[in-house]
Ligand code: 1HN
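Starting off, we have a lone chain in the form predicted alone, written out as structure tokens.
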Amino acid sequence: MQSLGRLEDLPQAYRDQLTEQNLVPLWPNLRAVLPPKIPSRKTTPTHWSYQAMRPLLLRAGELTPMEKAERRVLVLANPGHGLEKMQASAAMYLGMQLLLPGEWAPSHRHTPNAVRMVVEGEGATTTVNGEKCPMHRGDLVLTPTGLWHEHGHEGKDPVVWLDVLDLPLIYYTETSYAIEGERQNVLPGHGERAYVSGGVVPTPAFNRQPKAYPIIRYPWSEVRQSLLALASDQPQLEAVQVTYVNPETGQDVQNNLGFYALMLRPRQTLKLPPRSPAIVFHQIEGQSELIIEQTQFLLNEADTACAPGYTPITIKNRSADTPAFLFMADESPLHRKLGVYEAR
């Protein structure tokens, strides 16, 4: 490849003149922004152990009351981006959030899209635009851009969930903000009940109101059963995976990030080809071995890991008797919108 001129090759007086006019020569920096054949990536393979994190999260509950925190969260930061950036990848933010019995995280709405993957505990709810959603382990709850949402806890034990937001992207575009609100009135209706069966939806003329997000809560009990049924119906299928979609459009549930559930049969090894988006893995049930290029992690239940894009990934179920279940999030919808999605 052709060698380009360096910045230090230019006379200092000329460089000073450029700086005075807020000008920068492109050619010394061209390879940095347009590297050959594969993008430069700050996202590095990273693993967060829930067993190690949980005591620190509970300690945060002792140190910081909800009225001083609003949202009590430990951010899962990727060191490749710098811990101060609070991001797992170029477009994904991850946070482990704690809600203690009797607490209420006040209502607000914001421009970033968010989802909640419930990690442990019972008795908590998330209310989104008046729809009150119970939170059980493995449930996925949406809090899309612009929708009011709040969290409450009427149970006896701590409840923890994993937040996944497109915050880095929205912050980068200088469009990130939040508005505080009042406690919501709970309204009748639950999207997951109206759209309880695939291929069957309420008839528009009688029962259906147009909503951008007709389902807010995706119960794990139903998603898990879908994976088991798919594996049984198609024993030759290598990747037993389902996608969380909007039942009205068939498209991804949110604008910029994609969400999936994956089942590995006992002792199964699954190889994922390199793709452009970064991927987050969260172990819901079982124990998996995750190999990201040359980096190897052991995922126990509730552990989370992140893999950069353009990287081969291998996942192994370590159990010889039971399936392993993982939740996944990636940047595929964003990449497709930008026209840069690749699978190699």
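Everything numeric in this text was worked out from a predicted model, so none of it was measured. Counting begins at 1, following the sequence as shown.
Not on display, but discussed next: the form predicted in complex with the named molecule.
S.K.: Hey, with the named molecule in the model of the complex, do Val128, His153 and His190 all fall inside the 4.5 Å heavy atom range?
M.R.: No, because Val128, His153 and His190 lack any heavy atom that approaches the named molecule to within 4.5 Å in the model of the complex.
S.K.: Would you mind picking the one in His81, Arg217, Arg137, His149 that has a heavy atom within 4.5 Å of the named molecule in the model of the complex?
M.R.: So the residue touching the named molecule in the model of the complex, by this definition, is His149.
S.K.: Of Ala261, Ala77, Leu167, Val118, which one comes within 4.5 Å of the named molecule in the model of the complex, counting heavy atoms only?
M.R.: Contact residue from the list: Leu167.
S.K.: Asp163: heavy atom within 4.5 Å of the named molecule in the model of the complex?
M.R.: Residue-level check for Asp163: yes, a contact with the named molecule.
S.K.: With the partner left out of view, is Arg71 within 4.5 angstroms of the named molecule in the model of the complex by any non-hydrogen atom?
M.R.: Looking in the model of the complex, residue contacts with the named molecule include Arg71, since a heavy atom lies within 4.5 Å.
S.K.: Contact between Lys211 and the named molecule in the model of the complex at 4.5 Å, heavy atoms?
M.R.: Answer no; every heavy atom of Lys211 is more than 4.5 Å from the named molecule in the model of the complex.
S.K.: Does any heavy atom of His108 come within 4.5 Å of a heavy atom of the named molecule in the model of the complex?
M.R.: Contact check for His108: yes, within 4.5 Å of the named molecule in the model of the complex.
S.K.: With the partner removed from view, which of 217-225, 241-249, 190-198, 92-100 is the stretch that lies within 4.5 Å of the named molecule in the model of the complex, judged by heavy atom distances?
M.R.: Within 4.5 Å of the partner lies stretch 92-100.
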